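First comes one chain, alone, set out as structure tokens in the form predicted on its own.
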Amino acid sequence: MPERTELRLTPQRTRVLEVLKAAEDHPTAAEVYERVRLAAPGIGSATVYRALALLVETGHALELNLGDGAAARYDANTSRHDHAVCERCGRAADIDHPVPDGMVAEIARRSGFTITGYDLQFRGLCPECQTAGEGNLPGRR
């Protein structure tokens, strides 16, 4: 995780950060923009996108690139955690369950890498998509 650096929180940046902190669904930039507009109708999309980039750059938010060309999602939870990602709708859920003690050291020993961090991503179907699609994963029967 990037270390947090000082950031002057303008009213616009504050609104964006408030939306991220209130979100439980790891919204895309477009979703953040729509939510910020509810509280600040005059705000422009470019302002929201710049604020998101700055919040990520300064360590106040995470940008999650969850693969398969999906839009980046944003997370105000910058503490060490992983994610479960729905392969159908793209929803991401926080997983706050650390790997067993010694696992990272063992991976470093076996690979020869100096491990400085890791991100685990579990993929599958969220509860809503399981119900809607009877559990079939995309491209599988």
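Heads up: residue numbers just count along the shown sequence, starting at 1. Note that the structure is a prediction, hence the values are computed from the model and not measured.
Separately, the form predicted in complex with another copy of the chain exists; it is not shown, and the next lines address it.
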Which single stretch, out of 98-106, 24-32, 52-60, 39-47, brings residue heavy atoms within 4.5 Å of another copy of the chain in the predicted bound form?
98-106
Closest heavy atom of residue 114 to another copy of the chain in the predicted bound form, within 4.5 Å or not?
yes
Decide whether residue 9 counts as a contact residue for another copy of the chain in the predicted bound form under a heavy atom distance cut-off of 4.5 Å.
no
I'd like to check something about residue 93: if you look in the predicted bound form, is any of its heavy atoms closer than or equal to 4.5 Å to a heavy atom of another copy of the chain?
yes
Within 4.5 Å, heavy atoms only: does residue 17 come near another copy of the chain in the predicted bound form?
no
Could you pull out the residues of 71-93 that have any heavy atom within 4.5 Å of another copy of the chain in the predicted bound form?
84, 85, 86, 87, 91, 93
